[in-house]
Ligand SMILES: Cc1cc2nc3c(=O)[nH]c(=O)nc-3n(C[C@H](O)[C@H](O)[C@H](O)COP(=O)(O)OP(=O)(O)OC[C@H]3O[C@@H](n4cnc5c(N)ncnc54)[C@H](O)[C@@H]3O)c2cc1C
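We begin with a single chain expressed as structure tokens, specifically the form predicted alone.
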């Protein structure tokens, strides 16, 4: 089948562009055979490759991507490795069971990534400073109350902060109150992804800048690029929303694009004007509010716009429109920094499902997948990729049982009804966010 949608990311990602230039990529040239092929070299694909190699050190494993490893969504997120479940505020007993399961998986991902960062000395601004959940409007404050009740149900530690205490920690006096949770990790996502790609096992061959334009699914799967063909008896898809264009899960996945902007580094005078206590990350009480980072290299990152996007890329005009919202949020929160402007604005793909469930397992006799991380791609993609490799070789564990207990993604209504409804809901929820956005 012809691949219907290919990655087409912009080139203005601040996380990527503030890193040193990479050595030239190795694209596919000519025909090649492999024991295993993993399509998609983000956090999920690299985790699958690393774990498969640990189980099968004598097998030839190829990890192939249309771009550079981690250049897609893995290098474009806000730089949080989330330790807690997204729906921690639920009081339903069944939801609490899911929350405990999700927390175990997220903690396992963090532990594994921490070990890899330490072992390979990956310079990615790894920061164990937790995260702040902040609110300004009544609705956001109400969401914080629900959040705290959920943390209590999970017996999770947290610190409540009033406006004065919060401003002392993060610099801006914009928020009414906040909650700090200590288990989250902050990092530079493109640097982490690049470091993981640099230290793949020797039996893993990384092929980059090689978009797969055609796939023949059969006893031997053949992936065709502009430079050659890759043949394998075993294929793993780590392609998130792009899986819809590969012949699978066409009616289960919802592609959402988020956009963010990042400032230039603050000078010493501007750092003093901002104040606060080191690097930090903020998640808004309202789910459509602004996510913010203050990085170790003294940049401020803002993300607050989401678009239902089936074409899987953002135009320059769309990014310019999103930047207006980033500017509005920045100026409201940081009036003490009037001369600071954004240096980069970019977009990135998030793949969600209606029931917030991933796809994990076998798609066909010789095709496996772990896709749809529902906005928690670093943690869920990492641990899900590792556990998928375990499942493939028949290894068992309590964590694999946790992963297998999740339902499959629900089917969506038919298009164009789906497109109309999804667009309306995303826009409506953002409008309701008010000053939280």
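Numbering follows the first chain given and starts at 1. Since the model is a prediction, treat every value here as computed from it, not as a measurement.
Same protein, other form: the form predicted in complex with this ligand, not shown, and the subject of what follows.
Residue 79 is the only one of 79, 358, 178, 140 with a heavy atom lying within 4.5 Å of this ligand in the model of the complex. With the partner omitted from this view, the residue of 376, 392, 53, 28 that lies near this ligand in the model of the complex is 376 [heavy atom within 4.5 Å]. From the list 367 to 375, 54 to 62, 397 to 405, 28 to 36, the contact stretch for this ligand in the model of the complex under a 4.5 Å heavy atom rule is 367 to 375. For the chain shown alone, residue 348 is a contact residue for this ligand in the model of the complex, at least one non-hydrogen atom being within 4.5 angstroms. Mapping the unseen interface onto this chain, residue 412 falls outside it, with no heavy atom inside 4.5 Å of this ligand in the model of the complex.
Though the partner is left out of this view, residue 41 does reach within 4.5 Å of this ligand in the model of the complex, counting heavy atoms only. Using a 4.5 angstroms threshold between heavy atoms, residue 211 counts as touching this ligand in the model of the complex. The three marked residues, 22, 49 and 190, fail to reach this ligand in the model of the complex, with no heavy atom of any inside 4.5 Å. Taking this ligand as it sits in the model of the complex, the stretch 234 to 259 comes within 4.5 angstroms of it through a non-hydrogen atom at 238, 239, 240, 242, 246, 258, 259.
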